[in-house]
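Okay, here we've got a single chain as structure tokens, the form predicted on its own, with questions on binding and movement later.
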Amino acid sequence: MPQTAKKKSAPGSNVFRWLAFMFLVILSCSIIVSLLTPGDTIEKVPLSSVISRANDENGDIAKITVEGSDLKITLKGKDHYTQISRKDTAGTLYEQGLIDQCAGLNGDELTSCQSKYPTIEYVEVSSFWDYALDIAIIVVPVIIIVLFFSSMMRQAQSMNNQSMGFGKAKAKLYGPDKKRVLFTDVAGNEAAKQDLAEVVDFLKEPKKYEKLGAKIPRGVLLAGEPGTGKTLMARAVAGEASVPFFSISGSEFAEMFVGVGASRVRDLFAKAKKNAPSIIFIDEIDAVAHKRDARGGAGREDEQTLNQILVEMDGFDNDSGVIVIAATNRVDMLDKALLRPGRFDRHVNVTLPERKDRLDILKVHFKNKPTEKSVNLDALAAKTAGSSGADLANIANEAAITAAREGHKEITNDDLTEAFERVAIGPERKSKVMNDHERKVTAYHEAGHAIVGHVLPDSDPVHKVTIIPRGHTGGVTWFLPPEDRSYKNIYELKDILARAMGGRIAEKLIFGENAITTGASSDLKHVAELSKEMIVEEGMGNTTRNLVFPETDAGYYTVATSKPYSEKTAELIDQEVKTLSKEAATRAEAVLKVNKTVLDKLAEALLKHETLEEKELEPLLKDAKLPAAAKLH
């Protein structure tokens, strides 16, 4: 049954209570001050009597103290007070000559005279603020002490509540009252949706499977690149089955106190069982499910958490109606005990979307955005090969931002292009100013990429060339494949290496060997990485053909020093990488030497227009030729 929520106090009632408390404190302090003040005997006498008694040298008045409109009469032997209502008391005393009795006398005569008549003393009257200050001296320390102890009590209560809640799971519950996500809301990944549809059917009609002796899957592991929609896919399973969905991140189990993670696991599974049939979704499960073999420390907090997850999943009853769905992009890091049948029975690969899927995803993200009729989402889908669903959502959002910034009422093709290039490479750096020589170097550099990539038979077509700085680059040359491909052969990879070297070689041919710049640093890094991947992972070396040397993984950290090959083999790999890089440079140089005229023409066009699209590049590149020295087959 749902728990009744505690009724929260209204802010106004809290303020009223504080004001009442402050009033009682001040009142109490005032009473204390009045009680501590000694009492006085007050006797009211006429002013005329005071004057006559004061003028009498044998009178009984020893001293007259003037306090505003009051006279304090000190008699010989005791104190009396008289309350005078007149405000000109001091003036009256002057008029009656009380202070002039001894006027004109000096020496002993003055001393003798003064001893006969009362002394008149004027005292400054305390104002309201003086009394308030007296009270404040007592009240303020009391208030500070009360507030200090009140703050300490609240802090202690907060720490107590926090410690009591450490063992509670922080999972978010998406129940029937939340907005449902269905498979129709998830574009692409049809194979993954088909695998998960059986889980949905089991949650809806478990009896159909139980009659045939089938057991409920204990867990489903969603594996895929970041941004491919694993979390959305899990929510779609819960939405299709109309069951509660408990979502939590793997890192939320971790805590500084030992045993808290395991406690949270127990609490999470207990809640799921109470709400069965239900789904537990653990995002980034690799945060608490690393391999245990090479890490040591059986008492580690994360290992206790993992052990508790293993126990809970293995201890499910067949009719518990709870399914665990976990997501990760590092399956190789997970503990083997978690992956065995009986825990995560199903492994579903959520792959990067293909061209058709990318188009469907883009349609979903542009559905509620105003676009011009000429906007070509299919062309954008073709450009975005290798992009995840999150990347495509980002492009759609950037396109809307760009349209708003430019003052467009609808999103245009130019907005799409700018959004794609901003996400793929970075924003235009319009503030970066290059001098004429730098612009010329950049133009020949990008022209070298474009010409080499254009003439090589296994390279992708040139899509766009620009010398406008963007992101961390001084210029960009785009090569877009005509269609998605799952594999690349050795000829295609070698063409990629050659066109990457085209920029450096163009600088060398035009400006000389000793005038090359740092503009090719990213190209050279790409050549080195791709060459090593071809040798170490793909077995495409000359002397190491069909041999691969994958780096070992120690479970938690990748140990770069533990190479699965000897030093002699390492030298051989380095030589193979050097051979591939040198071959790429030789082929690029052969192409550019033969097409020197085309290189000059393309560079001049870039200096004039700064950006050339595919249609503008066609007439400039039509005369480019492939020399025999650059052919591989």
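Note that the structure is a prediction, hence the values are computed from the model and not measured. Residue positions are given as counts along the sequence shown, with the first one as 1.
The following text describes the form predicted together with a small molecule, which does not appear among the structures shown.
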The small molecule in the model of the complex: contacting segment from 437-445, 499-507, 466-474, 382-390, heavy atom within 4.5 Å = 382-390
Does residue 323 make contact with the small molecule in the model of the complex, using a 4.5 Å heavy atom cut-off?
-> no
Residue 532 near the small molecule in the model of the complex, any heavy atom under 4.5 Å?
-> no
With the cut-off set at 4.5 Å between non-hydrogen atoms, does residue 289 touch the small molecule in the model of the complex?
-> no
Though only this chain appears here, would residue 186 touch the small molecule in the model of the complex if you measure heavy atom gaps against 4.5 Å?
-> yes
Only one of 528, 425, 136, 232 has a non-hydrogen atom within 4.5 angstroms of the small molecule in the model of the complex; which is it?
-> 232
Check each of 267, 225, 460, 398 and return the one that places a heavy atom within 4.5 angstroms of the small molecule in the model of the complex.
-> 225
